[in-house]
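Listed next as C-alpha cells is one chain, alone, in the form predicted on its own.
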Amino acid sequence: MRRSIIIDTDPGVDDALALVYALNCPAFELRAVTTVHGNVSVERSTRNALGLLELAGAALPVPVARGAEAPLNGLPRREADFVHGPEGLGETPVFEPRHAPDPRPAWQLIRDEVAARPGEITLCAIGPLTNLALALAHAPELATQVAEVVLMGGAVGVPGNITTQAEYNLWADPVAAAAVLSASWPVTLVGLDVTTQVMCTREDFAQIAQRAPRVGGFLAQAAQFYIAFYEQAVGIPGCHLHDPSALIALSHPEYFRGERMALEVIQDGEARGQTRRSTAGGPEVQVLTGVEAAAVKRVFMLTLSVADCGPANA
C-alpha cells in the first residue's frame, strides 16, 4: 500500500532531487506540494516546484500551493542562493510553468487534505517549518489527524551548517520549529546527524543523466552549482543528499536508526535554531542518529535513473 504524502519545500537543488525521488518512488502517492520561503523566496520556490512537476510529468493532478513568505514573529530572512544559485536550481534555465498554483494558501491546502483523509496523510517538510506551524495554529486538530510528520532539519549531535550550532531549516524559522516539535503529532527528525553521511559526486550525477537524459540530465546540471559550493566551502568532492534522505527515510526506514527524545529549539541569540535535548520534557521526537549511507545512495540513484519513465505514483 502506497503512503500518501504532502511535501512542504523551498526548491533548492536538494529539494528538487527529493521531489523527483518522491514522484518516482512506488512507495508514495504525492497528494500535494506546498512551498515556503527558505533557499529562495517563496515566489521562486513556487515557480520552481511547479516547473519541476511539469518537467517530471506530474503537473496535474498534484496541486502546488504557495505558502509563507517570511518567518514568524518578524525574524530576518536569509536566502541560501550562495548554495543553490540565484534562482534556486543552480545555473539551469529559469522555469516558466504552464500551470498556476492552487489558490489556497499552503496552510489551508494542508488542512483540507488532512481533514479529507484523516489518519492517512504524512507531512514531509524539507524547508523551514513556517507552513506547518501556521497549519497547526489555524487547525490544532491536525495534530491528531496526520499519520506522521517527517522533517529534514536539525543537528542534535553534530555541528550546524548555517552556524556552528544550527541547521538551516530550523534556524530559518526557529519559532515555527519550536511549535512543530512541541506539538503532539508523531515526528521523525532527519537531521544533519544522518544527512551529512550521504553524498553524491559529479560522476554519480553523470550516471543519472546518462540513464535519464531529460529529467536526470536537468538535475545533474542543477547539481553542478551545488557541488561547487560543497567543494569550496566544505571540502568534499560532492554534495550531501539532505532532503532526499528525508524521503528515503520514509520509504526505506530499514536503512536508518534513531532514538526518541524530547527536544527544544533555541529561538534567538547566537544559538538561534539550535536543537538540543529538552530538560523540561515534552513530546518525544524520533531523532535519526545512524544511517546505512551506501544503501541510501544506491536507492537514490536507482530511483532517479528511471525518472524519464514518468511518475511511479501517477
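All of these numbers come straight from a predicted model, not from anything done at the bench. Sequential numbering from 1, following the sequence displayed.
Below: the form predicted in complex with ligand RIB, not depicted.
Judged by heavy atoms within 4.5 Å of ligand RIB in the predicted complex, the contact stretch among the candidates 93 to 101, 166 to 174, 70 to 78, 130 to 138 is 166 to 174. Ligand RIB is not shown here, and in the predicted complex it never comes within 4.5 Å of any heavy atom of residue 239. In the predicted complex, no heavy atom of residue 109 sits within 4.5 Å of ligand RIB. Although the partner is absent here, residue 219 lies well away from ligand RIB in the predicted complex, with no heavy atom inside 4.5 Å. Put simply, residue 188 is far from ligand RIB in the predicted complex: not one heavy atom of it is within 4.5 Å. The partner is absent here, but in the predicted complex a heavy atom of 152, alone among 223, 208, 152, 194, sits within 4.5 Å of ligand RIB.
Highlighted residues 14, 39 and 126: every one comes within 4.5 Å of ligand RIB in the predicted complex, counting any heavy atom. Although ligand RIB is not shown here, in the predicted complex the stretch 211 to 236 places no heavy atom of any residue within 4.5 Å of it.
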